[in-house]
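In structure tokens, one chain follows: the form predicted on its own.
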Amino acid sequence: MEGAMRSDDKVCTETGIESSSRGPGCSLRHFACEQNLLSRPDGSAAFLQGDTSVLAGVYGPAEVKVSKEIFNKATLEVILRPKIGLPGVAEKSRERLIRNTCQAVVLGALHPRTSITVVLQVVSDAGSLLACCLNAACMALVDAGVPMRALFCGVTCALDSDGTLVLDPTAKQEKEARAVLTFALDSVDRKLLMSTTKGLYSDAELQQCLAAAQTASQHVFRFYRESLQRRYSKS
């Protein structure tokens, strides 16, 4: 592992506008979201981050199978479907991470002995897929009216070989990075709900990535608010 990051390391922020500390070749990818696209689910959302796109549908609270019933809270399931082919080990791992994040914020005790199912379909993967899945799941849960103690978002960070920190990396940037870290954060205290990492990094770099992700999450939550305001102001 490398030592602590230098004070002049470049950081890329997710504001949609280039900041003064932005490094060359690093840009924030565009966010877009549309809710209530599907008729069968109780809530749905399509979330776009650059060229990464995920469609999410939420079913429930609904009747649950007796074998999966939990007497004091709702049973929460997450299904992630790849763009082509059948789900593999990578999809099952992401399902677990997304489920753990949702369970941390969904008020399942309000709907005991019911089922809440989140189905995610990958439309395109151009980097930061897990973060995009988390964002799509959150907006679909909001559209379904599932009670939550807070909203949540996903932010992915990549560390280049020279120590440059890149937020919301593309697939190419992820492939070239020596470490990729994804965080799930809540909207109340920007508290860490989930993290998953790959590659080599120091403790100091981990803390810097987390701080950068917490800052970036403010812009994601602001996008959530603006997206919801635009939708409901139409009526």
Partner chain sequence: MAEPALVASESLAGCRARAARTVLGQVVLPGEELLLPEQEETDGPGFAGERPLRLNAGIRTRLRVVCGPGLRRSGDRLLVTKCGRLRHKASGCGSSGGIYWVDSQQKRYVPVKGDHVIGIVTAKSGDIFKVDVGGSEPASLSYLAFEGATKRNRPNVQVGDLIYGQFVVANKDMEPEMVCIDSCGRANGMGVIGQDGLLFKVTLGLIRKLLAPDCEIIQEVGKLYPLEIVFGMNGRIWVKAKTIQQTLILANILEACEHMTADQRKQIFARLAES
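Numbering follows the first chain given and starts at 1. Nothing here was measured: the structure is a model prediction, and the numbers come from that model.
Form predicted in complex with its partner chain: not shown, discussed below.
- This chain is displayed alone, yet in the model of the complex one of Ala62, Leu192, Ala171, Leu200 has a heavy atom within 4.5 Å of its partner chain; that residue is Ala62.
- Checking Ala104, Leu151, Leu76, Leu97 for any heavy atom within 4.5 Å of its partner chain in the model of the complex turns up a single hit: Leu151.
- Using a 4.5 angstroms threshold between heavy atoms, Leu38 counts as touching its partner chain in the model of the complex.
- Although the partner is absent from this view, Ile70 stays clear of its partner chain in the model of the complex, with no non-hydrogen atom inside 4.5 angstroms.
- At a distance threshold of 4.5 angstroms between non-hydrogen atoms, Val146 is in contact with its partner chain in the model of the complex.
- At a distance threshold of 4.5 angstroms between non-hydrogen atoms, Leu110 is in contact with its partner chain in the model of the complex.
- Along 194 to 217, no residue reaches a heavy atom to within 4.5 Å of its partner chain in the model of the complex.
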